[in-house]
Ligand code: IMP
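This document starts with one chain, in the form predicted alone, laid out as structure tokens.
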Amino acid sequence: MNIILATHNRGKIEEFKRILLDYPVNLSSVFDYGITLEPEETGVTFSENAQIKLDYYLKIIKKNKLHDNSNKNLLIAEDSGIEIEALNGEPGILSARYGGEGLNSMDRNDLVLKNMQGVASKNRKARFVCCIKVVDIEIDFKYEFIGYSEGMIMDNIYGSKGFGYDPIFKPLGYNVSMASLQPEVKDKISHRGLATRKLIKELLDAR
């Protein structure tokens, strides 16, 4: 089975590679096909944005006949982010663009902590959300898998692993940030890991 990851986020690609390592799949990404453009994410939910990405890359792949039709081909798109209770669910679907143009991940983490100043520990609840959309390229059959990782926003930035908001997020049941966990531990509890395991159960374990 061939799986194409419809993302330009190298952190996400590495996580998918780790999670799918023990499965008999040929994993590639849009980078491998020279696709450098990305669609505008105009949806108002994670599901809508994931669908926009899926449709965009599916059209390119089909038009240019980039997939190997001698094997089963799945295209995977996902949208994910962090929802913070004290910020009324922000950054949410704007997680990768929080604060506007020109900010990097560290800047966005700093902005969240600034906006959370004075918020008591009991009110710092947050969760990561991941919505994965999958399409069988040959028959256009679509699937959706959603994963949540509950936790809280820390008071400072901590840890050098992971990416995005991992350094300020403490998963439920842990005393360190997501960015402090070993990759194999993170993959078991992360929103992307949980959503991907639903995909594995539905599409890979059954085969």
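Each residue number is its position in the shown sequence, starting from 1. Just so we're clear, the structure is a prediction, and the values are computed from it rather than from any experiment.
Same protein, other form: the form predicted together with inosinic acid (IMP), not shown, and the subject of what follows.
Think of it this way: in the predicted complex, inosinic acid (IMP) has a heavy atom of just one of V134, A96, M116, I137 within 4.5 Å, and the residue is A96. In the predicted complex, none of the heavy atoms of G159 sits within 4.5 Å of a heavy atom of inosinic acid (IMP).
Though the partner is left out of this view, P171 does not reach within 4.5 Å of inosinic acid (IMP) in the predicted complex, counting heavy atoms only. Shown alone here, K12 lies within 4.5 Å of inosinic acid (IMP) in the predicted complex, counting heavy atoms only. Although the partner is absent here, Y165 is a contact residue: one of its heavy atoms lies within 4.5 angstroms of inosinic acid (IMP) in the predicted complex. In the predicted complex, just one residue of 103 to 133 lies within 4.5 Å of inosinic acid (IMP) by at least one heavy atom: F128.
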